[in-house]
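Next up: just one chain, as structure tokens, the form predicted on its own.
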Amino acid sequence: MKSFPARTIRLVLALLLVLGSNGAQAEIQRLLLVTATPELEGLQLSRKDISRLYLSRPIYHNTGMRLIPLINLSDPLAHEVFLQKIMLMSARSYDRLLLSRVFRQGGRRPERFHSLLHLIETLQRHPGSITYMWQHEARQYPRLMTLMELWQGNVR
């Protein structure tokens, strides 16, 4: 049995590394915070502000407009990434905490949407409403504005 020279092995490993990294680049996704309200353009929220908002605590824009969080369930993976990377909790923990806060402190739970089209229509009808979605989905709707990138990474 003939052995490969070390240089050939290094070349093959380098080639595999380059090909592997290009494949990973193709799968990088970006989760965005979006709105259809022009007055919110340039709004920057901290992760803590977003968590407070999605736990039914009121957050106001400097114009006095109350922000309305909408939960995007049209893509279960986007929702899971949002909960884990932004809210820092599981879906079960989020639902329990949200429910207990609403019962103790009052307020309403954020509206949930299983249909992306219905979510987009609601964003456009209700000033101050915001939600999260993948960048490739947001690009399909020219009236949506990206407020900020929440997360980027490889999800598959």
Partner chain sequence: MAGLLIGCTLILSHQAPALTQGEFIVFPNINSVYRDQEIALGAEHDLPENRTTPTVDFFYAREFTRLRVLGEFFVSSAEDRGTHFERLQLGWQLRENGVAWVGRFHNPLGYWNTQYHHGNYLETSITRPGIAAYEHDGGVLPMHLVGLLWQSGLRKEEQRYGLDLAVGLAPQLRGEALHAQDLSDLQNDHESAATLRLSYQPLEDGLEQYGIFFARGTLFSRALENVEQTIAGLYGNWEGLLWQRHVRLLGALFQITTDPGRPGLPGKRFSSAYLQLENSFADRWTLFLRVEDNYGDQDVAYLDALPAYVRARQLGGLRFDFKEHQALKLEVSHARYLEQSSDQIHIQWSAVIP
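Positions refer to the first chain, counted from 1. Please read all numbers here as calculations on a predicted model, not as lab measurements.
Another form, the form predicted in complex with its partner chain, is not on view; read the next lines as being about it.
Using a 4.5 angstroms threshold between heavy atoms, E111 counts as touching its partner chain in the predicted bound form. Contact annotation: L116 falls outside 4.5 Å of its partner chain in the predicted bound form, judged by heavy atom distances. Though the partner is left out of this view, R52 does reach within 4.5 Å of its partner chain in the predicted bound form, counting heavy atoms only. Residue contact check for L67: none of its heavy atoms lie within 4.5 Å of its partner chain in the predicted bound form. Using a 4.5 Å cut-off to its partner chain in the predicted bound form, each of R92, L97 and Q105 places a heavy atom inside that distance. In the predicted bound form, not one residue of 130 to 144 has a heavy atom within 4.5 Å of its partner chain.
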